[in-house]
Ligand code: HEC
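Below sits a lone chain in C-alpha cells, taken as the form predicted alone.
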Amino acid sequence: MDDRSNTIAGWVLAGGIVALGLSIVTGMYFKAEAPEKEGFAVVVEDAAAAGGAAAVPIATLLATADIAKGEAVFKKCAACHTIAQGGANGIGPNLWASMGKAHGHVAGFAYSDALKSIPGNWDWEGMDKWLANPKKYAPGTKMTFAGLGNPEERANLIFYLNAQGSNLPLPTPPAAEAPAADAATGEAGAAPATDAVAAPAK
C-alpha cells in the first residue's frame, strides 16, 4: 500500500474518531432525564358533574320542548322507522303510540332479546337514555343508531313521539333548589320571623 493510500485511510480513521467523540459529547450535554411516570393523564370531564346540559333533568327540558323541532329531529329516525297510525314496520318498528308501552310491544316485529328483557314501559327517562345511547341502555340491541348527544334534541324528539298517539301527561319538572339561608339573610344575621307569605316569582 503506498503513502497516498495510507494518508487517505488515516484521514478516514481520524474523521471517524472525531465524529464518535462529538456524538458522545453532545449526548452528555443534551442528556434528557427520563420522566418519573411515562405518559400523561387524560382528564375526561363528566358533563353531568360539571353542571352542563346533560345534568338538566328530562322533565325540565320537556317543559320547553318544541314539537316542530322534534319532528325535524325525527327525520334522522325515518330511514328505519315509520310513525303513522297503522304504519308498516321498517328496519325498526312503527313508533305510533310507543310512549307508555312495554319494551318490544309491536306485534310481529323481531325485537332483540336485549331490548325485550328490559322490564317496564317506555317512560320519559327511559326513552331519554335510549335515545342518548341505545347500546348502553340495552347492551346487545340490534339498533345501530349511535344516539343523540344533544339533550334538547332528545327532549324535542320525545315530545314529538308522545304527541303521535300516546299523549301522556308531561312529567312535573323538579323544583329549583332553595337558596342558602345565610345568603337570604346576609351578614346582618337572621331576618325576623313574619307571618307574611311571599308572592311566587313570575
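All figures in this text were calculated on a predicted structure; none of them were measured in a lab. Numbering starts at 1 and follows the sequence shown.
Missing here is the form predicted in complex with the ligand; even so, the following discussion is about that form.
- The contact with the ligand in the predicted complex, taken as any heavy atom within 4.5 Å, belongs to T144 out of S166, T144, T172, N133.
- When contacts are judged by a 4.5 Å heavy atom cut-off, G104 counts as touching the ligand in the predicted complex.
- Although the partner is absent here, K129 sits far enough away that none of its heavy atoms falls within 4.5 Å of the ligand in the predicted complex.
- Y111 belongs to the set of residues with a heavy atom inside 4.5 Å of the ligand in the predicted complex.
- A residue is said to contact a partner when one of its heavy atoms sits within 4.5 Å of a partner heavy atom; L148 meets this definition for the ligand in the predicted complex.
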